[in-house]
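Take a look at this single chain in C-alpha cells; it is the form predicted on its own.
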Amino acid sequence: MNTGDTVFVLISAALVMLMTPGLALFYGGMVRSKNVLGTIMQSFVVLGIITLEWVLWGYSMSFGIDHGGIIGGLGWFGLKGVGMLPSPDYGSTIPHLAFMIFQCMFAIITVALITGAFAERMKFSAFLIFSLLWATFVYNPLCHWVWGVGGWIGGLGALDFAGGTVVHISSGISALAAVVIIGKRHGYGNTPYIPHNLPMTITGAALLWFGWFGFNAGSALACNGLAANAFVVTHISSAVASLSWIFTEWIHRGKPTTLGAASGAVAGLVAITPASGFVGPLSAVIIGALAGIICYGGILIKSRLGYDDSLDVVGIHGLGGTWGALATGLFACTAINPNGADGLFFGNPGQLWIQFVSVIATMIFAFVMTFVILKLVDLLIGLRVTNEEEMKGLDISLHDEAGYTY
C-alpha cells in the first residue's frame, strides 16, 4: 500500500464532495429568489441519502462480484469485506475504503445534477423517493457496466476515465425524461425566469472547477503522471470552453455574459471527463472549444422543442457528455495511457464505434428507467407541488423559510 497514493485519493474524494455544495450554489443562483433554498436543499440532502444508499447496497451493486455483466452482487452489503487493505481490482495501492468513498462522491453528484432540470416545481418528498430509486436502479447498474469488473460496456473496450457515460450522459438524459413527465413551470413561455444571484452562480462554478481536479485526476487512483495529465487537460478544456461559449454568445446575441462564461467552463469540464485519462493537451483544446459551441447550441434547442429544462442539464451534461464520450473515440492515444486504446485520429476507427455503442446504450437505459421511476413516484404520491405552492415559491411552501430577509 502506497501512502502517497492513499493521501491523493482521499484528497480527491474531498474535492469531489465539495462539488455537490458547489453545484448547489451554481444552481441556486440561477433560480428565482423564492426558490433558492429549495434548490440548494435538493443538492445538499443528496449528500445524506445517497451516502446511506451507497454504504448499504449501492457500492456492492456497482462494484461487487459480477452477475452476467449487468450488476454486482450484494456480497459487500453494508461494506462487509470492504476494509483497510487494498482491493486488487480497484486501486491496488490504496485501501479499499478509500476507493469506496471516492466513488461514493461520484454517485452523490450524479443524482444532484438532475435536479437542475425540474428546479422550482418538484415536491421534496417525491424528490427523496426518486433519488433513492434512481441511484439504485439507474446509477448502480450503469456504474457496474462501465467500471465494475465484468461489466459489459467495459468489456466492449469503451473508454470512460471519469464518468462521461456514468455521470453526465446518464444525468442529462434522465433530466430530459424528467422534464417530459413533470412538465413546464407555471407561466413558462410568458414569465421571464431571471437568475436572481449570478455572483452565487459564478462562485458555484468556481467550486465545481476546483473540485473537478479531484474528479478527473483522482480517477487515476494514484499520484502519478496519468493523474497529472488528467489534471492539466481538465483545466485546459474548461478554460477554452469558457472562451468558446462567450465568443459564440457574443456573435449570436451581441454581448458576452458572466452566466455564459460559467456555463462554458462547466461544459468544458463535462466534455473532458471521459477523455481526461486518454488525451493530451492539444486534443483538450479542441474538445473544450467544441464543447462550448455544442452546449451553447444545446440550450437554444430547448426553446424550439418546447421543453422546460430549468437550468440546462440536458444541454450541458447530456450533450457535453455525449460529445466528450465520442471525442474520446477520436482523440484517445495509448502514448498517454497504455491501458486505454487509440482513437480514430491515431489509427483505430473501431474505437469510435465502441464509444457510440456505449453512448446509445446509456441513453436508452437512463431514459427508459427514469421514465418508469418517475411514473411510479407520480402514481404513489405525485411529483409536482400545487400551482399555489409554486407561485409562493418552494422555500416557503416546502421548507417554511426564506433565503433572504429584507
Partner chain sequence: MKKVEAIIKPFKLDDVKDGLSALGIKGLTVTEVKGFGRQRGHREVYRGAEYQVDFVSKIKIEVIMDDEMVPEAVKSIRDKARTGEIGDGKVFILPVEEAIRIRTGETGKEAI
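Numbering follows the first chain given and starts at 1. Everything numeric in this text was worked out from a predicted model, so none of it was measured.
The protein also exists as the form predicted in complex with the partner chain; that form is not presented, and the subsequent description refers to it.
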Open item on the list: Using a 4.5 Å heavy atom cut-off, which of 311-319, 86-94, 121-129, 217-225 contacts the partner chain in the model of the complex?
Closed with: 311-319
- [ ] Find out whether any non-hydrogen atom of I246 is located within 4.5 angstroms of the partner chain in the model of the complex, and reply yes or no.
- [x] no
- [ ] With heavy atoms only and a cut-off of 4.5 Å, decide whether F231 touches the partner chain in the model of the complex.
- [x] no
Open item on the list: So in the model of the complex, is the partner chain close enough to M61 to count as touching (4.5 Å, heavy atoms)?
Closed with: no
Open item on the list: Can you work out whether I251 and the partner chain are in contact in the model of the complex, taking contact to mean some heavy atom pair no more than 4.5 Å apart?
Closed with: no
Task: Among the candidates F137, F77, Y193, W152, the residue which, in the model of the complex, approaches the partner chain to within 4.5 Å (heavy atoms) - done: Y193
TODO: Answer with one of S283, S238, S263, T115: the residue that has a non-hydrogen atom within 4.5 Å of the partner chain in the model of the complex.
DONE: S263
Open item on the list: For a quick test of understanding: in the model of the complex, does each of F26, L259 and Y296 have a heavy atom within 4.5 Å of the partner chain?
Closed with: yes
Open item on the list: Where, within 101-126, is there a heavy atom within 4.5 Å of the partner chain in the model of the complex? Residue list please.
Closed with: none
